[in-house]
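A single chain comes next, written as structure tokens; it is the form predicted on its own.
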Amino acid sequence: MKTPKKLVAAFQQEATFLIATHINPDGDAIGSSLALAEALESIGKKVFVYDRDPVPKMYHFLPGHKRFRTDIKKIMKADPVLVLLDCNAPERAALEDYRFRKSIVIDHHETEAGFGDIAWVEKHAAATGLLVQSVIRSLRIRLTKGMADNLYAAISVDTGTFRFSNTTAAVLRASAALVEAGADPNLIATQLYETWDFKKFRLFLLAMSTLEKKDGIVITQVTREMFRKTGTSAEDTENFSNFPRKIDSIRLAAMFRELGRGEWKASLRAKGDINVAQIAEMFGGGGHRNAAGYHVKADIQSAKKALVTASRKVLSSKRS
């Protein structure tokens, strides 16, 4: 993987950057942002890190997580260059109402918006963390333990800790370099997957109790009433959509999370060569081949029916 020269030049020449990532940030978005921020600051740059939403509790172990800001107005006074990470459209980061003198995009999603004065979108890259690691290497910046931990976590999240089909020899070599730089695989895996509190576990049980299975598709749902009953929130549903994939007969798993009355967020996960980004695009969403999502306004039964109809088209095309 080779970092574009114009991207490297921009990081070398500009002085002030705003690193921003998508709303409801995940581990790849957070880890990539924090690692790039530390790297740029190490060569004398002024860096702000922004997300509309707070960092979820499960990622509070990541070095530097407190530096994320949720208010952008003061940042804009510094006239920064925008660096959009792990998404490639400003509306995905709630930045559509702001204008920047220059914008940079570093992303790996299947759906591409065409935004950015300089855009590096590698659709086949397993994680944005891998692209950031390449940027840091191209800038000849020595990896610190903090950068390594953040990047290792980023890659871990988007590869399912090296279980998903996007885990390649190149991914493992890049991850090994991060371990050599100080990343702690055991600590990161434990924090990501083995530190649920009891409230989250209760929510998980309620969500799994809604499971419906048909024709290789499994659907679960999480309602606002479940959040109220367990004292949890949306961030506690991280990884829930991955669990039904464990069923051997399942090719596609979907979780609907209630956002408001008649409004849902669908998270799609698939096995093998099923491209759920294609399904998400049918509903105005997007994502990766094996992990994607979209928003829908409908009653839950209609939303499920529409998903099953759309999914069958993709699943049947893979059987033929």
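What you see is a predicted model, and the numbers here were worked out from it, not measured in a lab. Counting begins at 1, following the sequence as shown.
There is another form of the same protein, the form predicted in complex with a further copy of the same chain; it is not shown, and what comes next is about it.
- a further copy of the same chain in the predicted complex is not approached by residue 98, whose heavy atoms all lie more than 4.5 angstroms from it.
- Heavy atoms of residue 138 never reach within 4.5 Å of a further copy of the same chain in the predicted complex, leaving it off the interface.
- Although the partner is absent here, residue 160 sits close enough that one of its heavy atoms falls within 4.5 Å of a further copy of the same chain in the predicted complex.
- Heavy atoms of residue 229 never reach within 4.5 Å of a further copy of the same chain in the predicted complex, leaving it off the interface.
- Note on the partner interface in the predicted complex: the residue among 77, 124, 142, 246 having a heavy atom within 4.5 angstroms of a further copy of the same chain is 246.
- Among the residues 117, 112, 235, 197, the one placing a heavy atom within 4.5 Å of a further copy of the same chain in the predicted complex is 197.
- Annotated contact segment (heavy atom within 4.5 Å of a further copy of the same chain in the predicted complex): 247-255, selected among 247-255, 45-53, 32-40, 66-74.
- Residues 13, 16 and 59 are none of them found to lie within 4.5 Å of a further copy of the same chain in the predicted complex, as judged by heavy atom distances.
- Applying a 4.5 Å heavy atom cutoff to a further copy of the same chain in the predicted complex picks out 193, 194, 195, 196, 197, 198, 201, 204, 205, 208, 209, 211, 213 from 193-225, in order along the sequence.
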